[in-house]
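The chain that follows stands alone, in the form predicted on its own, written as structure tokens.
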């Protein structure tokens, strides 16, 4: 008889807007709209983790959560009454694409909502989230750097990563790589295996390097292929770093920072619709693969 095993399912591998984005005709989205098999459709960023396959923790609640549940047999209700295998939810920040899925979970289903104090306070300040009824959905503040068990046999620790406030909270002067509890990574351990989930990160730090070295697998911010992507494609006037994201390639990039972590499985998630590495067989996809990375996709199962 085997013991508990850590298992993760990538529910959504896209960044905000998904692939194709509803109003976009960029190079990648044109292929997706046309049904080109080289570009998978992707929903917005979320991950499910479990050690028993019966009770699941969601990391981020995507606006596409209902579709993600219907597409994922492990998350569908069972039995003859109301039920959900989703026992807990933990947003990594209050980005629109990480918290609006909470509104999908408003049918009085008992579960626990974990988060940093800043995250839970921000949600509490917006009364629309009160539809996730307080008498059945417990809110529980998680201090940074303290391991806890959201599910039996599953240990989780939140840690700061450099990032910025969500776009909807930006004011006149924006610090794009501040280390605060506003943007966190998640260290997950179960069955003797360790997984890191970092869907947003502005730069590498020594503390993050140390965590990566101890992990068996890392799911990491893959928003843009290079820092100038949005500007070059005519989709915006911000660099990746101004958006709070390390680029996949180039100076100070993710592939450069991870180059010596050859023993760690490396998977990109939170990938923007403009990213040419999403085109299977493209030179950009080949470059990422040659650097030892996988491109995450919806429904991808990861057993570290």
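Positions refer to the first chain, counted from 1. Computed from a predicted structure; not experimentally measured.
Not pictured, yet referred to below: the form predicted together with a further copy of the same chain.
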{"item": "Position in contact with a further copy of the same chain when the complex is considered in the predicted complex, options 144, 141, 103, 207, heavy atoms within 4.5 Å", "value": "103"}
{"item": "Residue contact check: residue 288 to a further copy of the same chain in the predicted complex, 4.5 Å heavy atom", "value": "no"}
{"item": "Partner contact for residue 131 in the predicted complex: a further copy of the same chain, 4.5 angstroms, heavy atom", "value": "yes"}
{"item": "Contact test in the predicted complex: residue 264 vs a further copy of the same chain, heavy atoms, 4.5 Å", "value": "no"}
{"item": "Non-hydrogen atom contact residue 96 with a further copy of the same chain in the predicted complex at 4.5 angstroms", "value": "yes"}
{"item": "Partner-facing stretch of 74 to 82, 197 to 205, 217 to 225, 147 to 155, counted where any non-hydrogen atom is within 4.5 angstroms of a further copy of the same chain in the predicted complex", "value": "74 to 82"}
{"item": "Members of 106 to 121 lying within 4.5 angstroms of a further copy of the same chain, judged by heavy atom, in the predicted complex", "value": "106, 107, 109, 111"}
